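Okay, so here's just one chain, in structure tokens, the form predicted alone.
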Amino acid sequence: MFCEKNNDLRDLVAKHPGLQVKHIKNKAYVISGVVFINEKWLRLKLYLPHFPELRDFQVHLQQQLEYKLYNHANLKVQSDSSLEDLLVQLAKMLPAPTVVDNAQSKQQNIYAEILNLHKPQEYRLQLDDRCSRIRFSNFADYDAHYLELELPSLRPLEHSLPDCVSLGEMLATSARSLGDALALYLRLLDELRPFYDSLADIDELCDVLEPSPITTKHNSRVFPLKDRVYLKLTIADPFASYGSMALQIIGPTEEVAQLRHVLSDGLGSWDMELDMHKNLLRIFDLCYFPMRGDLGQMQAASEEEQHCNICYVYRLDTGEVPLVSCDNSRCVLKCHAVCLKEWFDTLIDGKTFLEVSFGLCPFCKAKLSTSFAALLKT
């Protein structure tokens, strides 16, 4: 970044937010990006080896599809000229365009919008050196969210919304300008506020095991319901949190069967005046969901001591933790769903019926059944 003590560079960036300044060494600086001077757009990379003097400057200026080098040999600049004077001189040397195609016109309009959208108090705006990517982040009301677009196509490259939100299609059909794209994204954040609020209490008041780490892109949570039993909450459509909510109970077969009846009865009396967390507590007749250390077997156990009994690892690179227990209450097996699936695949007499897989426990050899389709679904 440029030196904060240098008023000329600070003023330059404030006046032309499409430019970026990089300090190389001593008095040498590189200024690059896009600037609007004398009714013309300039895309350039300027090397100043003796700043604030313009002595020995070199500037690569894009003209049509090529870059042309300018220096003292082909650009007469007075020794006491300012940076602004140099930029004006460059703009004067460019011929006025006679014909502008749609792609060039769209590109110029986007650069103009970038200047208009530079609002440091509302969000942070960043451009790459080639001005081919723009990123909005640190929104005033949505600090964790971000949006990165390709220029000038406005194709989304990265964003913080859940993957199930078809942002690319929305932008393609509704955003004709960079301002439209940003306005659409901010509107979506407002519409998604109930979705994020619904999960906020669960993240704070439950021992969320998956995903890890939690980000704004995740639309599911897995947390303990009781010893060896877990609840998986998935919201398929973040714009309709309650209507698209799905709840799965993971654990030994008999306990899951009983709790499914409890869940089914409770969903029929869902109270829309209560948040998602309180409704789930009411359904299962709980004061709170177990946190780490609440369950007897977890009081003295670290993550290393809760490792999968098949792969001997606690958390996989994919973020999964051991959730599957044996149907035999006396068996201590606890493993990752993916590890158990691999074990079942090696069994000659293993089978699958209606998405439920059957096999033998690798520890006690008791019959074991589970639905990998539900457990492994992302």
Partner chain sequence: MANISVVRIKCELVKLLQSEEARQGWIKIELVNGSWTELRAEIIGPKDTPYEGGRFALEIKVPDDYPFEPPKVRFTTCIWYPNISFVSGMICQDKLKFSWSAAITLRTTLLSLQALLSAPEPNEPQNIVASTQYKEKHDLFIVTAKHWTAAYAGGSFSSADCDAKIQRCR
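It should be emphasised that the depicted structure is a prediction, and the values quoted were computed from it without experimental measurement. Numbering follows the first chain given and starts at 1.
One more form of this protein should be noted, the form predicted in complex with its partner chain, which is absent from this view; the next part is about it.
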Is there a heavy atom of N309 no more than 4.5 Å from a heavy atom of its partner chain in the model of the complex?
yes
Please determine whether G359 contacts its partner chain in the model of the complex, using a 4.5 Å cut-off between heavy atoms.
no
State yes or no: in the model of the complex, is some non-hydrogen atom of W343 no more than 4.5 angstroms from a non-hydrogen atom of its partner chain?
yes
With a cut-off of 4.5 Å between heavy atoms, is K365 one of the residues that contacts its partner chain in the model of the complex?
yes
Exactly one residue in L61, V30, L54, V313 has a non-hydrogen atom within 4.5 Å of its partner chain in the model of the complex; which is it?
V313
Of the options C339, V321, L44, I37, which one has a non-hydrogen atom that comes within 4.5 Å of its partner chain in the model of the complex?
C339
Even though the chain is shown alone, can you say which residues of 206-225 have a heavy atom within 4.5 Å of its partner chain in the model of the complex?
none
